[in-house]
Every structure is written in structure tokens, then in C-alpha cells.
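One chain comes next, on its own, written out as C-alpha cells in the form predicted alone.
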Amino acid sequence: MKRLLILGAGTAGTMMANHLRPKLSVTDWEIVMVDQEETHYYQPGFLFLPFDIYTPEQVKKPIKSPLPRVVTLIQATIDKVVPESNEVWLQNGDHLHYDILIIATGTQIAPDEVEGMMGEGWQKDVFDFYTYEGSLALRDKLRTWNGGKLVVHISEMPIKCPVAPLEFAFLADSFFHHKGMRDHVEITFVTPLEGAFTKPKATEALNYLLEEKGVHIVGDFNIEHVDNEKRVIVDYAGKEVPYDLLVTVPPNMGSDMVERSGIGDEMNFIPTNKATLQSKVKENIFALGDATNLPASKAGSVAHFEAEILTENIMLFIEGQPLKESFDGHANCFIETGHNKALLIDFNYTQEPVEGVFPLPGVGPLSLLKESRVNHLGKMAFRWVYWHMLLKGRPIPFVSANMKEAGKILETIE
């Protein structure tokens, strides 16, 4: 029997297992997954935990629960991939052979990459919200914080869900308004980019929203260290931004096992063909989601679109057929803007976010690059969609893997 081995049982890996299991003969192929964790987290929910919008129970389930019953899950730590022998070595000493390997090991925060970030202020007045533990610690801090200088900071790009830091700033504005203490909080958004986002049109709209909500923007800030004693972050040019509460997105890096395997780039991301999702390591190794070095957003929607296309290419690979160069970098992201509103952006490798409606031309009901309560409802409904459709590999009605131009005002691109 042949083996398809998936490394990582997070969002991307789970979707691939659910897509592929019905397509592969159970008598010819076994699907084996490896992940050291016991819990599957709804990571977009980490944004809402600090503001008591979600409870811890709403963002986690046992890691086996969304997996097909006939998929074998090995809960162990991966040591390294050995492409020459088509093996994965585990730290418990086991060696797993594979015929096809899918790497979906995601990305992780690396606060130790910035001097002082994990100093004496860590989880006291310096917090992350990209981990379950960090978001809960920040929740406890915000429940009793009396105000001051709140700095929302991005260390470097790329990061998982690049709009999440913006959403945090918007939700913080809303949160402190509702607590009646917005006048006691100065919010500053600090980014290594020139503006709020990586795409010019979206940056224009998001910069406007930040300014409208009284959030200061500090761009082109490349952090060198955190000074815990003075409570300032310092960039390489010597510029300082003071804080009383620092909410930071540390550098994001791929899995340590990628480095041990010698198959990644300097940030431990897998070199991957951006159109086929076949790795550049070896022809029977594929990658998707946050584990890749693709010039696409590291977001759940991207992994969802990739999974649909990679499933087709895996089947073509098994049949000895040429792979389809069909992934266009499609990303679709809700951006929560506070006060029960959100906007939506839809873009790909070559098309930046534009105005219009989504998903149905002329109907919507979601609006692009504009705040609305309907978009907010879409954002909040996504948690149900994630658990019951996205992870299960079920198609989302009217949403295609490739970006559609219908319903979008493409002439607004400059």
C-alpha cells in the first residue's frame, strides 16, 4: 500500500486530509498525518479572546475531531524530512516512509529573534496575541488596565494573517470606547511598511480608518530591540516609540524541523512553485498554507483555495499527468474595524483589493473595501464556516479558488 504523509494537522493539513480521503482508494493509499499537538485551534479567534468577545472554549477542539476517521494521526514531534530516502524521521526514533509528502507545518512566532522582546516585561506589559497563551494573558491584562500608551506593533513581514494587527487596533478603539475610557488610551500602530497594508489601494482605505479612529501611524519602523526598563521600542535608525502596553507581532518563522531538514529558506519556509504548489525540494513533496514561501497572504482563506487546487494536482501527479499551474494567490479577508463593522478585501498575486461587491455580482451581499455591519456578520459567521465547511473540505457557495473579476470595480486600480 502506498502512503501519503501530511506533516501538520492544523488548518491546511486538515483540509488536505478531508479533500483527499474520498478521492484515494483506501485499498491502495493510506493517509498518515503527524502533529505533536493535542488541540486544534481556531486561530482567527485569538484576535477576539483579549476583548472577551470569544471564550476559550469557542476557539479549540480536540485535534482529531475534524479529521476523517480513516486517517491515521501520529502525535509526535517531527525531527526532519529526508527527501533522498523519502522518509520523515520523528524525535522518538521512528522513521516514516512516504510516496507523497505534503508539508503543512505552518508558521510560529519567534519573539527571541528581537533583543529584549522576551525580557522582564514579557506577558506583563509586552504581549502577543498570535498564540492561545498570549491572547489569554493579554485578555487578563486588558480587564484591569487603566490606560496609557498602547502600541500595536509588527516586527517584520511576512506574518500570519497580515490584517490581524490592524484589526487589533480597531477593536481596541471600540473596546475602550465601550468601557468609557477611550480618552485615557493613546493608540499607536507601528509597522515596518510605509502604511497600513501591503497593497496600495487597501492601504489608502485602512490608513483613513486608522486616522478617523484616532490611531497614530508610525511607518518604516524596523525594530532593533525592546528596552524593557525605559518601555520603548527602538528601530535600527534609533527612532523610539514609548509604550505602557506593547502588543506586538513577533517575527514569524516556519517550523524548526524545516531548518533541521535543510529544505527551507532563511526563515524556514518551503520553496514552492507559486502556481502548482509543488515544492522545489523534490517532485513528490508538496507544500501549502503558512509553511510555503509563496508571495501570497498567510491566511486561512489562502490555505482553503490552495487546498482545492493542490488536491487536483495531487491526483494528476498520481496519474503521471502534468500539474495545472492554476493557483493565482487568491486571498479573501474580513477586516474587523470595531463597533460591529468590518470591511472585506479580495485580491491575488496580480490584482490588488478593489471596491465592489462579493460574492455575487450586483448582489453581494458583502461590500469590498467598505465598512458595513453585514461584513461584520460575515466575519463572526466565519467561525461556524471554519469548523463545519472549511476544515471538512466542503465548498463554500459562490466562492471559487481563483479570484473572479465580476462584481469588482477594476478601473479604480491606479
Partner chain sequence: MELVLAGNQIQLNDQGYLTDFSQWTKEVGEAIAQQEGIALTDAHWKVIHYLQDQHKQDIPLSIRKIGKSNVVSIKEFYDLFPTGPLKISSKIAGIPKPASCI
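Residue numbers count along the first chain shown, from 1. Since this is a predicted model, take the numbers as computed values, not measurements.
From this point on, the text means the form predicted together with the partner chain, which you will not see here.
Only one of the listed residues (241, 285, 217, 267) places a non-hydrogen atom within 4.5 angstroms of the partner chain in the predicted complex, and that residue is 267. With the partner removed from view, the residue among 197, 317, 176, 127 that has a non-hydrogen atom within 4.5 Å of the partner chain in the predicted complex turns out to be 197. Only one segment in the set 132-140, 177-185, 92-100, 287-295 has any non-hydrogen atom within 4.5 angstroms of the partner chain in the predicted complex, and it is 287-295. Residue 157 belongs to the set of residues with a heavy atom inside 4.5 Å of the partner chain in the predicted complex.
Although the partner is absent here, residue 152 sits far enough away that none of its heavy atoms falls within 4.5 Å of the partner chain in the predicted complex.
Remark: residue 251 counts among the residues lining the partner chain in the predicted complex, judged by a heavy atom distance of 4.5 Å or less.
Of the heavy atoms in residue 46, none are within 4.5 Å of the partner chain in the predicted complex.
For the stretch 85-118, the set of residues having any non-hydrogen atom within 4.5 angstroms of the partner chain in the predicted complex comprises 113, 114, in sequence order.
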